[in-house]
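Taking the form predicted alone, here's one chain by itself in structure tokens.
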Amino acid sequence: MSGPTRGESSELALGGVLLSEAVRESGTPAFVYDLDGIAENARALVAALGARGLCCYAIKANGAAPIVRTLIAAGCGVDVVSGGELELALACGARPDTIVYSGVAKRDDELDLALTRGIRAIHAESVEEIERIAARARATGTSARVGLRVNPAVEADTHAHIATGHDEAKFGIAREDLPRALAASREGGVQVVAVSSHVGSMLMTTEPYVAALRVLIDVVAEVRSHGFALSYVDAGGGFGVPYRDGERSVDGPAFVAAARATLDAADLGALQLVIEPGRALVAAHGVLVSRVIQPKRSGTRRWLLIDAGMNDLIRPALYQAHHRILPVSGGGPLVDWRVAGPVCESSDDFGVHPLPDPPPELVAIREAGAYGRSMASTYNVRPIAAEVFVAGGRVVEVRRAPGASALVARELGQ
């Protein structure tokens, strides 16, 4: 895993392009992405899986088409959680048989889309959903390949809002409900092909990942005992990313190796292993470049006010997440600045960071490649930030921000 670096000029660069040059055309705020770094991450996971499995990119992390196409070209399938994400994955060139579809509340039209496009499997998250899938399969004259997403009741050491595998989460089928789920799966039109789980995001060790997989191994035995044939086990994603200085990097291939070893020890035959990384593939290879609007001194506190806000990167406000902030260029003595954006909310606050005094013109918010642009909004009638894509040491695509006038026109129905 890598990220922005400083060259001989001491200016911050990403993918071999100086950030000040990268945003020259787009203006700020702007997300800058290193497509080569993203592809390298993906190829490492694909190689670790080998012929044994499939790496399905969790497209919710960042659905920018150049990123999705890069990951597909590197050998990834796609994990989707909405009909819109499914359409995006197909439009970017994903083969239907490499797409898995999760989510607790899929609409009928979304199920119909998945069924008629012949994706690898719909991962059902309740007994009631299995019954609905069977009904839609009959209505559309199709056969539904279904994966049973099981809640493994495994606690992960992560933020409560991104822990998904415990027994109070809305996700997955509880173990005690598995017999009912299998009974519902005998409805016409349903073929159970997989079991899956996901314990949560920001896993920094393999232990909870392997613990959930061991639960799935027990589930495989139970499902097979009822006469169902399975083709794969989906262990989910959630590989963590170091957001703070001093945090150790997480080795994605090590998660794959641990999962493969666990499956091999269980002697489950030719079952494939599917994984669903999102953040781990893209977070470190994206930065949010922002212009400093002005400093503000309030008593003993130094505020640094920038043009990127929580509508661009909501993670600090939503999860109390920390993102390192670096000066793009310039030096001088470092002092603690509390960095905040322009949104009219007290939670529009990126925390305290050591930055030069006087402050730089531009700053870069690190590890912004995941859950930045994909969770952005136009709150305060602020346009979605620009996006800049870098590959081969040059800018290959620029997406400008739409401008406030376009947002106003939409509100006026023009």
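Keep in mind that what you see is a predicted model, and the values were worked out from it rather than measured. So that there is no doubt, residue numbering starts at 1 and follows the sequence shown.
The form predicted together with a small molecule is left out here; the points below concern that form.
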item: Partner proximity in the model of the complex: E110 to the small molecule, non-hydrogen atom cutoff 4.5 Å; value: no
item: Heavy atom of F389 within 4.5 Å of the small molecule in the model of the complex; value: no
item: 4.5 Å heavy atom contact, F255 and the small molecule in the model of the complex; value: no
item: Any non-hydrogen atom of W337 within 4.5 angstroms of the small molecule in the model of the complex; value: no
item: Triplet M202, G278 and Y319 all within 4.5 Å of the small molecule in the model of the complex via a heavy atom; value: yes
item: Which of 139-147, 111-119, 67-75, 231-239 lines the interface with the small molecule in the model of the complex (heavy atom within 4.5 Å); value: 231-239
item: One residue of A44, V352, M375, I384 in contact with the small molecule, assessed in the model of the complex (non-hydrogen atom, 4.5 angstroms); value: M375
